[in-house]
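Okay, here we've got a single chain as structure tokens, the form predicted alone, with questions on binding and movement later.
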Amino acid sequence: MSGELVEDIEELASDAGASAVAVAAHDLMDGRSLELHADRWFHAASTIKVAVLLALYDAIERGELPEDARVHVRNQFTSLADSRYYRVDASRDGNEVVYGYVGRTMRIRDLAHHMIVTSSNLATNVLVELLGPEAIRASLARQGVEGVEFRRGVEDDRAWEAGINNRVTAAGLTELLRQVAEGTAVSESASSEMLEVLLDQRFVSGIPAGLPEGTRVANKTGEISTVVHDAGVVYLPDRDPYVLAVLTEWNEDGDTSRRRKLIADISKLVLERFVERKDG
């Protein structure tokens, strides 16, 4: 990455009030990469759900789960901190649909769709308990993905208080999504299905908002009080895709729209300076 582009990204972050920013990108057209603090660890927030998606399709591919498997939906999970039960608060979730299935069953593929597209925390935890944390970590290891660390389900507040959290780096998310885009995540067919889920993403105020009309983005966002992230595969018209991850950290609660705008502004800058090479 050119020094000028680094300076411009860091200036955008400073003006927005971010305490830290990391950027990683990989262009599938020519193999070029760029990195800015790409190996810095951040709280993953909901970006960790891409790792759960990978593990689910890995389990299907390995014959450990039937393709049309259904799972019982319950809102009761075991905290990693003390083995006590906790529930996912519907008021803090991004999706109400899954709550209507509590006490009934849902297709695992439908749960995966809700987990990614509307970032359902309940769907995520149902799948995490089905797969198990060790299996999720094993899937990441089989793919050789470093920089994505899965430890627990979401909304496990007691684990959070104990410092047990999922973590990601911009480089790790970029590598994971690059494999999905190239068809090497689990298998070509599994990668294709994962990509279709990601392309249906409803949260588009980050990376997609900085891109021209007609662009398709297969992305996953993550947002809590101190971090706002987005990572995705960008499909511009008449061009091979590129992968981009933008991770941001903030010192305190603030205007979330301003934080998402920072990611959109960085996305636009990366397109202009890295992808379209307007920086000379």
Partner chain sequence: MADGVRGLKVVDGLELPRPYREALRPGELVRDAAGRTVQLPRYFYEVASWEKALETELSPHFGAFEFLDIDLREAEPLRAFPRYLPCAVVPFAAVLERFRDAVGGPVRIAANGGYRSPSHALSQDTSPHLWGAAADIYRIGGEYLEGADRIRRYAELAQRTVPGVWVRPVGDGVGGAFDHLHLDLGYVTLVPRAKRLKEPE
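Positions refer to the first chain, counted from 1. Computed from a predicted model, the values in this text were never measured in an experiment.
Keep in mind the form predicted together with its partner chain is missing from the figure; the text below concerns it.
Using a 4.5 Å cutoff between non-hydrogen atoms, L130 counts as a contact of its partner chain in the predicted complex. At the 4.5 Å threshold, heavy atoms of V71 reach its partner chain in the predicted complex. Not displayed here, its partner chain is approached by Q76 to within 4.5 Å at the level of heavy atoms in the predicted complex. Although the partner is absent here, R202 sits far enough away that none of its heavy atoms falls within 4.5 Å of its partner chain in the predicted complex. For the candidate set R109, R87, R142, R167, a heavy atom within 4.5 Å of its partner chain in the predicted complex is found for exactly one residue, namely R87.
Proximity to its partner chain in the predicted complex, taken as a non-hydrogen atom within 4.5 angstroms, holds for one residue of A81, A209, A138, V102, which is V102. Residue heavy atoms within 4.5 Å of its partner chain in the predicted complex occur in exactly one stretch of 190 to 198, 109 to 117, 94 to 102, 173 to 181, and that stretch is 94 to 102.
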